[in-house]
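The chain below stands alone and is given as structure tokens, in the form predicted alone.
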Amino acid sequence: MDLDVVFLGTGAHHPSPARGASALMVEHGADHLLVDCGEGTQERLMRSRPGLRHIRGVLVTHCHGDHLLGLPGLLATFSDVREQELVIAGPPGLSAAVDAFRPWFGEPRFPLRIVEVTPGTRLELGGWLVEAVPAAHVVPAVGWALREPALPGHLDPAAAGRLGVPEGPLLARLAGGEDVALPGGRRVRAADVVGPPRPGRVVVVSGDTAPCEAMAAAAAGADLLIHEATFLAGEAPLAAASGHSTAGQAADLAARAGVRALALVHTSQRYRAAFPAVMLPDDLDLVRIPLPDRGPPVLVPGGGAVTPRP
């Protein structure tokens, strides 16, 4: 199944015409999770390929305005078109923030569940296993690790052939981990022709954070780490004082964590040397994350837009 990340807002603090406030969408089939919802997110969603329809939950990293001021408009729109439950999860203070927005979006006509989390909290959302991970910011904050459930092992067609399994639907069902009965009635177990389950893919989003070893531990071996890089190397004291990271610090963390790819926002190209697999996405760019045996994650410029850029 395809796994894509669409970057909806790659700016920091203040939106600009080129870069919106923080927001991204993780697409996994029809299960979409929105991470942060800065000002203008709804408008960018309407220009994006994912759109609004399949959002199962919103994962908030912290309650600064550039990460959640898009929620009132999004919730107001959902009140007119949505029926299924929406979960919004984030650190302490989230419930009070959403309550403060209620005069703007009114009483929702759909089930709305607010979940306040601390590092280590785990949720199941839309086919994902999500975990709040530690972050180091100036207000209560978490990062998010999104884990795909384990995938079936690889089918051994030769082993299936030796057991008399014909080409077609029975073989496909075995590949999906299901035991089958052959036309003569003999049963073939998937475990006899399919290898052990494969780990699912992992996406980790740091949110706003100073360099944090707990974040590196949570991202160990991740397929994609999306890390903030608000400052450049010469601004390290300012980064430390404001609970942010430099691009170089983010690249060093990614290297220690052994991630397959790193995506940074609003930072310098010079840090490609520190971590060669770094990506610098713009708004409405997309990162496609194939299974590990099918190649590395790939940045698709404009790939998250309704009409991708040529």
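Each residue number is its position in the shown sequence, starting from 1. This one's a predicted model, so the numbers in the text were calculated from it and none came from an experiment.
Just so you know, the form predicted together with a further copy of the same chain exists too; it's not on screen, but the next bit is about it.
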| query | finding |
| --- | --- |
| Region of this chain that lies against a further copy of the same chain in the model of the complex, out of 57-65, 256-264, 25-33, 243-251 [heavy atom, 4.5 Å] | 57-65 |
| Candidate spot 137, 211 and 237, all three touching a further copy of the same chain in the model of the complex (heavy atom, 4.5 Å) | no |
| Any non-hydrogen atom of residue 50 within 4.5 angstroms of a further copy of the same chain in the model of the complex | no |
| Partner contact for residue 13 in the model of the complex: a further copy of the same chain, 4.5 angstroms, heavy atom | yes |
| Residue contact check: residue 121 to a further copy of the same chain in the model of the complex, 4.5 Å heavy atom | no |
| Proximity of residue 200 to a further copy of the same chain in the model of the complex, heavy atoms at 4.5 Å | no |
| Selected contact from 80, 178, 167, 85, since only one has a non-hydrogen atom within 4.5 angstroms of a further copy of the same chain in the model of the complex | 80 |
| Residues in 92-119 with any heavy atom within 4.5 Å of a further copy of the same chain in the model of the complex | 97, 101, 104 |
